[in-house]
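Next up: the same protein chain in two forms, each one alone, written as structure tokens (structure 1, then structure 2).
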Structure 1
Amino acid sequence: MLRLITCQNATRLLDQQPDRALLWGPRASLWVHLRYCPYCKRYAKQTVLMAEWARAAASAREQTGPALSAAAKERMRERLAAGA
């Protein structure tokens, strides 16, 4: 069933969208809302960009692995040497 939704509901659906596919009804309501609301349309574009950046950062992190700074490595060496 197609219903008009508020901006609050639209942003909630936009936040859910990357994690799980929306059912037909909410997806259609969101599509209609994005046709007439420039603010939510802008928010939708921003959430897509943030998801892409997060995926790219996670991918880069997987390729390089977690890194410690030289100072952190030295602190660990000192604590291990001290037996702490």
Structure 2
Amino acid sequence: MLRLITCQNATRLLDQQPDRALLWGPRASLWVHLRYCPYCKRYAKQTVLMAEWARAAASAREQTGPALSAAAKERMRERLAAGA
């Protein structure tokens, strides 16, 4: 059934959408809501962007982060030798 939904409900549905397919009713309600609510329309894009940026930020840090200190490597070598 098509129901008018609030922004709170619309944003909840937007955050559930990537993980589970919405039933016809909630999907249609969300579609209608996004037609008239510019703020939720922005949120719909931003919630996707945030997920993409978090992934990209972690990937970038994998490449550019600092190296393991010489002292930490030495400690690890000692632990490995003790456990071997």
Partner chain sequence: MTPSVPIPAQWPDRYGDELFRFALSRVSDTTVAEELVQETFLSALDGLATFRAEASERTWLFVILRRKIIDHYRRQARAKQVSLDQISEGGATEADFFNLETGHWADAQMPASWLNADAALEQEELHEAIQRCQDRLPAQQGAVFAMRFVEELSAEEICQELGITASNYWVLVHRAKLQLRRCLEKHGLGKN
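What we label the rigid core is the largest C-alpha set whose atoms superpose within 1.5 Å from one form to the other. Sequence positions of structure 1, starting at 1, serve as the residue numbers. These numbers come from a predicted model, not from an experiment.
Note: the form predicted alone is the first of the two, structure 1.
With the core held fixed, the Cα of M76 is displaced between structure 1 and structure 2 by 2 Å or more.
Once both forms are fitted on their rigid core, the CA atom of W53 lies 2 Å or more apart between structure 1 and structure 2.
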